[in-house]
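Take a look at this single chain, the form predicted alone, given in structure tokens.
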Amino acid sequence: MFRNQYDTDVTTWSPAGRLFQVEYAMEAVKQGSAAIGLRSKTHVVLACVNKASSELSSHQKKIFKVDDHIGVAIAGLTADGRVLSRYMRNECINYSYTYESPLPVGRLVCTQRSWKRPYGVGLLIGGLDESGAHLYYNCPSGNYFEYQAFAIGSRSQAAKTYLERKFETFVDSSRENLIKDALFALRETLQGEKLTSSNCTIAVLGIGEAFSTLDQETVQRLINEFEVVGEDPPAEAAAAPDQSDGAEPGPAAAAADDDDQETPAADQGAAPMDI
């Protein structure tokens, strides 16, 4: 890779018209743990996967509260995410002090500055203002887009595939259904790992409900309730064997029937298909 002459500064363009520092920052987002956001007319749900650098350490916090009506989920460099979340808090405080009203979500999503290096973090900004619920994705390049549902980070394509199949139902979804879909989407990014309250974080924001992170007991109860622990649902009972020939089943056939009744139980532990 002979790019050193073009990637030393964010304002240096390559002959092909590329900014390599921006591309490096976007690659850092792809390497981060997955983060997911969904919104309906009344609620926004943010979810992320918790990953520790080793078994002896705790995981890094990936969801931050900006204000009572705004929250952020990050993927990428956690240090950059903390810097940007602190900047957003200051913006909300200054706006509230000046205008005595909450900051509109759309005015908070531009965080890139030309005189600084690109932040190596992607932001999913969920908020609620007078115009309704919003979910924005802020890219390290400075671009931002509004989504109904979105996923960023490593193995996020599997979660995007699930969200693309279900996004039409999100507009009228209730709070519980949004959380359920967020858990299902998170499970898609784990690729066979068991989803538990210790390796995921869920935050909720809605009308009449300030931004808050659900505790581990609540998350685990929801996981058990929605049956998203990585196991397939129980198979239906097998149909009765065809006895159109009129012959009565003998002892061997009865034993085979007993074995067939135990067969669906063996399929319950099958791992979900990798995407």
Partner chain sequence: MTKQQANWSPYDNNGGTCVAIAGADYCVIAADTRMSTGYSILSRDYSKIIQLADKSLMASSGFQADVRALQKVLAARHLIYQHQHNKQMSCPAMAQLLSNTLYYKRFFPYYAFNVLGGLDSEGKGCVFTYDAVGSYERVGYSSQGSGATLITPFLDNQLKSPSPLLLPAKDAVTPLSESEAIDLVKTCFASASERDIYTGDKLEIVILNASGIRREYLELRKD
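Positions refer to the first chain, counted from 1. Note that the structure is predicted; figures quoted are calculated from it, not measured.
The same protein also has a form predicted together with its partner chain, omitted here; what follows describes it.
Discussion item. Even though the partner isn't displayed, in the predicted bound form is V66 close enough to its partner chain, meaning a heavy atom within 4.5 Å?
Written reply: Yes - in the predicted bound form, heavy atoms of V66 and its partner chain come within 4.5 Å of each other.
Item to complete: Determine whether any heavy atom of V83 comes within 4.5 Å of a heavy atom of its partner chain in the predicted bound form, and answer yes or no.
Response: No, V83 sits far enough from its partner chain in the predicted bound form that none of its heavy atoms falls within 4.5 Å.
Practice prompt. Evaluate A79 for contact with its partner chain in the predicted bound form, applying a 4.5 angstroms cut-off between non-hydrogen atoms, and reply yes or no.
Written response: So A79 does not count as contacting its partner chain.
Practice prompt. Indicate whether its partner chain has at least one heavy atom within 4.5 Å of a heavy atom of I93 in the predicted bound form.
Written response: It does: once its partner chain is placed as it appears in the predicted bound form, I93 has a heavy atom within 4.5 Å of it.
Worksheet entry | Non-hydrogen atom within 4.5 angstroms of its partner chain in the predicted bound form for each of R107, Y147 and K166 | Spot residues vs its partner chain: no contact at all.
Worksheet item: Which listed residue (K51, K61, K41, K30) meets the criterion of a heavy atom within 4.5 Å of its partner chain in the predicted bound form?
Response: Filtering the options by heavy-atom distance leaves K61.
Item to complete: Name the stretch, out of 184-192, 156-164, 85-93, 133-141, where some heavy atom lies within 4.5 Å of its partner chain in the predicted bound form.
Response: Result of the contact check: 85-93.
Worksheet item: Within 92-109, which residues have a heavy atom closer than or equal to 4.5 Å from its partner chain in the predicted bound form?
Response: Sequence-ordered list: I93, Y97, E100.
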